[in-house]
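First comes one chain, alone, set out as structure tokens in the form predicted on its own.
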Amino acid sequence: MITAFLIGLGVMCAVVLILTLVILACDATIANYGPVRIVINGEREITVQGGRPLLASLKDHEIFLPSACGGRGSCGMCKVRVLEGAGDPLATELPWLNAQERKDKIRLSCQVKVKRPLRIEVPRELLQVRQYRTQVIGMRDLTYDIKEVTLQLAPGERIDFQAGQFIQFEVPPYALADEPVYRAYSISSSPAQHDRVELEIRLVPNGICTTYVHRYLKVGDGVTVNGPYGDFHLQENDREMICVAGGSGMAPIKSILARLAETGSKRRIRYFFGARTERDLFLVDEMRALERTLTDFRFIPALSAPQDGAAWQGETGLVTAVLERHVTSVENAEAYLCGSPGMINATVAVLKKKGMPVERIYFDSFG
């Protein structure tokens, strides 16, 4: 009985293996679609090699779409309108598309394989995104697992971005990557610095980009980036600002605060920063200096798991709970959030409960 079961299992595995090899062979031969034409916004035409994802095909022609996950279909950011030639959305796309987007033929470009001529529409602002070849001129440990990386643009190059936006960092092939991959990181430096960008990159276990940065990248290395991207940026008005971040979510808030300091802003600003323990806090001195520079700014760090016996006398608990205790009125306020999807969702819930309209809550989703 056991022998028959094992024989049957072996036969089934062999059949699955054969079918897999057949599919791979077909994909390499029969599914060779040759050159395929793509028309963009009814104005520009490019020819790409068929069979590759639309996201990668556009990138080859220096048309860059945001993709925090690097094209794995897990962030939902690389949306583009496909008017013709792509068929129905895949099951991997549906969780990221609402009913109106499906009706409007919005697709995830990383999931659309270029097999036949396409007509697409790309937001015009993305057609202005550029690629830059930079050099690492500084690396600094902010915590045990967060590095600050400073990238210098080539002589004569400049990048114009709004405080809060992000770029995409390209990782070359190495031990964890057979081909170049890219990940999204918020810019932490001031937009007044046009010849360089600073990033705050947190080490994620087995993360392709973060492992490369923390274990392999060094001063003097070249790095390719493209951008800027994102609708998350400083709004030019006089509303009170409620900022909430955790971990490397500090990056865009730091850029926003730098912009406010440089322009002499008098806005009321409360910045709630969540960390587990004191060793997870960083740039505290810089934030305290901003309290002296900005007219009405307070930095409020909170520890969710302060160590026993530590001398910590600040706020304790989840940053959302601290936010709920401190904020009493949101009538003339807007919010800027950066952190994990769970933190953002919980913060949005607190702010909505207090009466803040969702259209005044700003964040980029890197989930």
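Residues carry their position along the shown sequence, with the first being 1. No experiment lies behind these values; they were computed from the predicted model shown.
Not on display, but discussed next: the form predicted together with a small molecule.
Checked against the small molecule in the predicted bound form, the residues Arg140, Arg72, Arg288, Lys266 give one hit for a heavy atom within 4.5 Å, which is Arg72. Scanning Cys243, Val197, Ala163, Ala251 against the small molecule in the predicted bound form with a 4.5 Å heavy atom cut-off leaves one residue, Ala251. Partner proximity in the predicted bound form, defined as non-hydrogen atoms within 4.5 angstroms of the small molecule, places exactly one of 113-121, 278-286, 254-262, 72-80 at the interface: 72-80.
By the criterion of a heavy atom within 4.5 Å, Ala86 is excluded from the residues contacting the small molecule in the predicted bound form.
Within 4.5 Å of any heavy atom of the small molecule in the predicted bound form lies no heavy atom of Val223. Though the partner is left out of this view, Leu151 does not reach within 4.5 Å of the small molecule in the predicted bound form, counting heavy atoms only. At a distance threshold of 4.5 angstroms between non-hydrogen atoms, Gly207 is in contact with the small molecule in the predicted bound form.
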